[in-house]
Each structure stands twice: as structure tokens, then as C-alpha cells.
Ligand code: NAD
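Single chain ahead, written as C-alpha cells, the form predicted on its own.
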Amino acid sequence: MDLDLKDRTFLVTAASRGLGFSVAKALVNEGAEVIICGRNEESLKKATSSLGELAEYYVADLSKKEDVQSLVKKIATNILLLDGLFVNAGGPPPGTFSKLTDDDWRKAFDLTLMSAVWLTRETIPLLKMSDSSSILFSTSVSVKQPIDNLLLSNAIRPAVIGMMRTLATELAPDYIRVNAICPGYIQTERVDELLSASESAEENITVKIPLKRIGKPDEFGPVAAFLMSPVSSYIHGALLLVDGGLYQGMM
């Protein structure tokens, strides 16, 4: 299927590796030009080299408002519009309530919620200039079902979904589509870290997944590319799980 992404431009954040990189890769494979960002320049250089000539990078810490503002300002000096924004900032660290400090909560709030707020606010003027623009928030299956030892994610990520649902109404007059994608266990460094907690961790997780395995990044990226493409022009205000069937609730 032709996703009509050739010559379109997307900003994919936290994309030097993991899920962000898988999305950038899927977009490039469809002929889109991709701007990626992250905190580590060496990782960004490696990722951009792998993605090819359609990709470029900027260094930015998304948990800092001034970095986000500077990032979008630099982008705006080189392009007239954005066709899509993939909002991704990695996940807050694991931990239980008794072990998390106020500083942990504040950092997770800025990383997980406020980064999404700042990125959305700053890119809206560029997105308005496109004939088919979209914002896709990357969250987690934890917005549907809390995950043990991931209190910060369980508590803060649902706020991103609440913002997405509201923006779906507020941005509709500007023809900016807004959706969310919620990965389950996909084989990234973050998931590897969580699985390293015990020898039986992976077995305990996969037994709960109907497909009986952890997902692959290349099974995630193309789904995100589809949701941001003009082909999905009537998908708006939606939340899509990519979790191998892990969540089995009715709503």
C-alpha cells in the first residue's frame, strides 16, 4: 500500500534508537524526510547514517522546555511546514511508591507529560501549513492496564491520553489529526532492562501475551507510519494498542 508519504516531512523525537528509531525507519522507507532528535549526538549520528540521506538530526533534551523551543525554532528556519509529529520521550524509570522521591516525580512529569505539551504547542504552526498533518503520541499499554514496578508511567502517561482526546476536538478545525499509539512489550533496551530484573521475568510476561512473544521494533514502526499518513485520514482521537493481545479489557 502506498501511504502517500513521499516528500512529506516528519519530526520523530527520541529517535536515535528503540521505538522512535523504528518509526523514523518506517517513514524513510516510505520516502518521507525525517528529522530526529535525542540527547546523545553520537547516537544520533549513527542513527542518521543508518537512515540515509532523507534523515537529519538535532540534539535536544525533551525534558527541558528551552531545548524543545530551540529545537522547533531551528527546524522552522529550514522548512516551511511539518506533515507529522511523533511525540516520544522514552519512559520514566521503574520504581514503587515507597522508593520514589519528589524529584523522581518532577522529572517524570517533565519527561512524560510536559515534553508532549511543549512539542505540541511549538509545532502546531508548522503542522497547520500541511495539507495532511497529524500528531501521534507514543504512550504505553500502561494507560489501559497498570504495570508492576512502573508507577511513574502508570500515573503520568494517562494524562497524555487525556490531552490527546481533548486536542482531537480543539485541533480538528485546523485539520490536524491527533491519535495515540500504545506499545506493549517491544524488544528495546528499556524492555531488556525491565526483563533483566529476574531470570523468569520474560517467561512471566510472555505467558500473558496471547501471541506468546515479545514484539519487534519493526512490528511497531510501520503501524505508527500508517497512523500518521494520509491513508488514515479518518482516524482521529483514537488509541491503538500494539501489544500482541496483552490487554484484554473491553474498553
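Residue numbers here begin at 1 and follow the sequence given. A quick note: this is a predicted structure, and the numbers were derived from the prediction, not measured.
In what follows, reference is made to the form predicted in complex with the ligand, a form of this protein that is not presented.
From the candidate stretches 184-192, 197-205, 48-56, 27-35, select the single one in contact with the ligand in the predicted complex, where contact means a heavy atom within 4.5 Å.
-> Heavy atoms within 4.5 Å of the ligand in the predicted complex occur in 184-192.
Please check if residue 120 has a heavy atom lying within 4.5 Å of any heavy atom of the ligand in the predicted complex.
-> Residue 120 lies outside the contact set for the ligand.
Is residue 111 close to the ligand in the predicted complex, meaning a heavy atom pair under 4.5 Å apart or at it?
-> Flag for residue 111 set to yes.
Using the partner position in the predicted complex, report whether residue 23 sits within 4.5 Å of the ligand, counting heavy atoms only.
-> It does not: once the ligand is placed as it appears in the predicted complex, residue 23 has no heavy atom within 4.5 Å of it.
Check whether residue 228 has any heavy atom within 4.5 Å of a heavy atom of the ligand in the predicted complex, and answer yes or no.
-> Contact check for residue 228: no, nothing within 4.5 Å of the ligand in the predicted complex.
Heavy atom within 4.5 Å of the ligand in the predicted complex - residue from 180, 156, 89, 127 | If I apply the 4.5 Å criterion carefully, the residue I get is 89.
Heavy atoms within 4.5 Å of the ligand in the predicted complex is the criterion; list the residues of 54-69 that meet it.
-> Heavy-atom contacts to the ligand in the predicted complex: 60, 61, 62, 63.
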